[in-house]
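As a starting point, one isolated chain is supplied in structure tokens, in the form predicted alone.
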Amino acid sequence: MFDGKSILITGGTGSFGHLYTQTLLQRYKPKRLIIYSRDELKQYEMQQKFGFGCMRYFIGDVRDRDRLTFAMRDVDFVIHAAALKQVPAAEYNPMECIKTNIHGAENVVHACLANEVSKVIALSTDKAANPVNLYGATKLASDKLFVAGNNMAGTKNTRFSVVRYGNVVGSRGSVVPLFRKLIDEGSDHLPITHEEMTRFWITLQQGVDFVLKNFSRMRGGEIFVPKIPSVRIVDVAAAMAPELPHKVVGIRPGEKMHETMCPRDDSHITVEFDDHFVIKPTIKFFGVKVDYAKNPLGEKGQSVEQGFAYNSGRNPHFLTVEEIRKLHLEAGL
């Protein structure tokens, strides 16, 4: 699907962009792979690793619509990964988060439409479902913008979809690197926000593979949610340092006890497939009728029961301490 095509990744110098780039180059032969980000040092470092002839590096910010529009000339596929993602930082710097996550998303939609990009997938987060923090609220707004982009497309062939998944194991700013740092420094305990806190758990490679596959699945307007396991934070601590005691430090600003990926209020538009869910758009697209219970790969889904919610605290699949340890080893952590 990506052979001979031009692909652009916003926020491409991040963890997701690195692995997505590596995976694309291993599996396909793209015509161009454009890394769009604002950090010149990270781009320089990425060029040392990925110096292939198809690679292009564009300095730019998603807040700059003109630069985005220029960068997307003759691009076939776009992955929108750029965002301000730290929950506490967003609480203390709300306008900066809004400028990047909402206004930036709007700029990406407009740039894609202006260049008639074929397919666009925006990365979302479980925090966008029933948000209680600003980061989640901005990503919910972003999700709505990308869904509505299908209506804005009119007669153009550009299609927009969203991928929503949970905590990426070992991602920057998450609990695993924090625990690893404390363990390496010889800490006598590990801080736990709350003993009952749970999270969805996914490796970066699983996230990359899910996004790749959804380019083939997407019809436009849907939110894709993978079926992934949950973990208890106390079990993550036990898996990494079974000998260390835990100290409860309290929930950080904007944090939830449990995360949700398919809200109860969206149960009437949620379709369950074998390994994922699809949340259908709440709006109808002018002149387009789509059966979201079937996708181009031939997979078929069924509507969930009314009142269904996909919640990390009530997930039927929880990882054991040993399974967490094994997953971390597989992810190189």
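Being a predicted model, the structure only gives us computed values, none of them experimental. Residue positions are given as counts along the sequence shown, with the first one as 1.
One more form of this protein, predicted together with a small molecule, exists but is not displayed; see below.
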item: Contact of residue 22 with the small molecule in the model of the complex (heavy atom, 4.5 Å); value: no
item: Proximity of residue 315 to the small molecule in the model of the complex, heavy atoms at 4.5 Å; value: no
item: Contact label in the model of the complex: residue 162 to the small molecule, heavy atom within 4.5 Å; value: no
item: 4.5 Å heavy atom contact, residue 61 to the small molecule in the model of the complex; value: yes
item: Segment that reaches the small molecule in the model of the complex - one of 49 to 57, 301 to 309, 274 to 282, 30 to 38, heavy atoms within 4.5 Å; value: 30 to 38
item: Heavy atom distance at most 4.5 Å to the small molecule in the model of the complex, all of 176, 198 and 256; value: no
item: Single option in 107, 167, 230, 260 placed near the small molecule in the model of the complex, where near means a heavy atom within 4.5 Å; value: 167
item: Single option in 158, 100, 115, 214 placed near the small molecule in the model of the complex, where near means a heavy atom within 4.5 Å; value: 100
